[in-house]
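A single chain, nothing else alongside it, follows as structure tokens in the form predicted on its own.
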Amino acid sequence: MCSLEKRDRLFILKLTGDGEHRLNPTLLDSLRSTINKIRSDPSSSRSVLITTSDGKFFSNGYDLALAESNPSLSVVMDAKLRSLIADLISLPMPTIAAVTGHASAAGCILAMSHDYVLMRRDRGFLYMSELDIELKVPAWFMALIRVKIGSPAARRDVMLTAAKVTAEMGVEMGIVDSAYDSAAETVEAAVRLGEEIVMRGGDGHVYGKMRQTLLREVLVHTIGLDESASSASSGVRNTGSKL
């Protein structure tokens, strides 16, 4: 599941436990509920969100075993993740992913949906595994990849060779902002960055609206442009009906 800690103006959201943090409906609902709790906090527009995890994995993507047992859940999980990513995009504060373990497929998308990605170099990789497991990548995944990975060569390697991107490779590709020697150092660096951003000041609602404009292409595929204009102040509605 996940936990939430507040340190002054920092919200630290953690995927808890030593498992793979597979994105099943229960975990996705828990994450979205936590994001909405952060949004409703009176200090949210002057704060920063840090997302991290326990254990070996940041997130190993969708719960494929669950989807195999009930194919209809594939649609449910995709809809719930789309809603979660739209919530992150509209959140009125900067966001930092402290990636302390493997982030694969949908888990990689979750990490890259944050404004900053910090990663440990001694273990873990970013990995879009769909080519290797013979699954078609959703159009909205590709929209986020196009926005977040600027180099065509890097996009090719990530999507068309299923490269397992280490922290140092990610820095070279422009996907990862900085790399650290351990999980603890990665989280500590995320906290320092968060504190620097808070000290810089600024209106989180303005920031959130600017992010929505910047990631317009992603919102086209998640909530639709007609809804995106109001999402920063009101949250994002459930997108299950759009699939």
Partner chain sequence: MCTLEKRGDLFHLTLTGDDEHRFHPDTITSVLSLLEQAKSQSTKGSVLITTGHGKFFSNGFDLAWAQSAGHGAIERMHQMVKSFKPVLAALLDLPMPTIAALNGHAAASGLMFALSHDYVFMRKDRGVLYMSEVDIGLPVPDYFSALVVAKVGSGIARRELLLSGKKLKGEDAVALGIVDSAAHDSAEGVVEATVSLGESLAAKKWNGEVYASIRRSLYPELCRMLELTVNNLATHNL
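Remember, it's a predicted structure, so these values are computed and weren't measured experimentally. Positions refer to the first chain, counted from 1.
Not on display, but discussed next: the form predicted together with its partner chain.
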**Prompt:** Any idea which of 37 to 45, 203 to 211, 60 to 68, 170 to 178 reaches within 4.5 Å of its partner chain in the predicted complex, heavy atoms considered?
**Reply:** 60 to 68
**Asked** Mind checking whether each of 74, 142 and 146 has a heavy atom within 4.5 Å of its partner chain in the predicted complex?
**Response** yes
**Request:** With heavy atoms only and a cut-off of 4.5 Å, decide whether residue 92 touches its partner chain in the predicted complex.
**Result:** no
**Request:** Give a yes or no for residue 132: in the predicted complex, does one of its heavy atoms lie within 4.5 Å of a heavy atom belonging to its partner chain?
**Result:** yes
**4.5 Å heavy atom contact, residue 78 to its partner chain in the predicted complex** = yes
**Asked** Do residue 121 and its partner chain share at least one heavy atom pair within 4.5 Å in the predicted complex?
**Response** no
**Request:** Select from 159 to 197 the residues with a non-hydrogen atom within 4.5 Å of its partner chain in the predicted complex and write them out in sequence order.
**Result:** 159, 160, 161
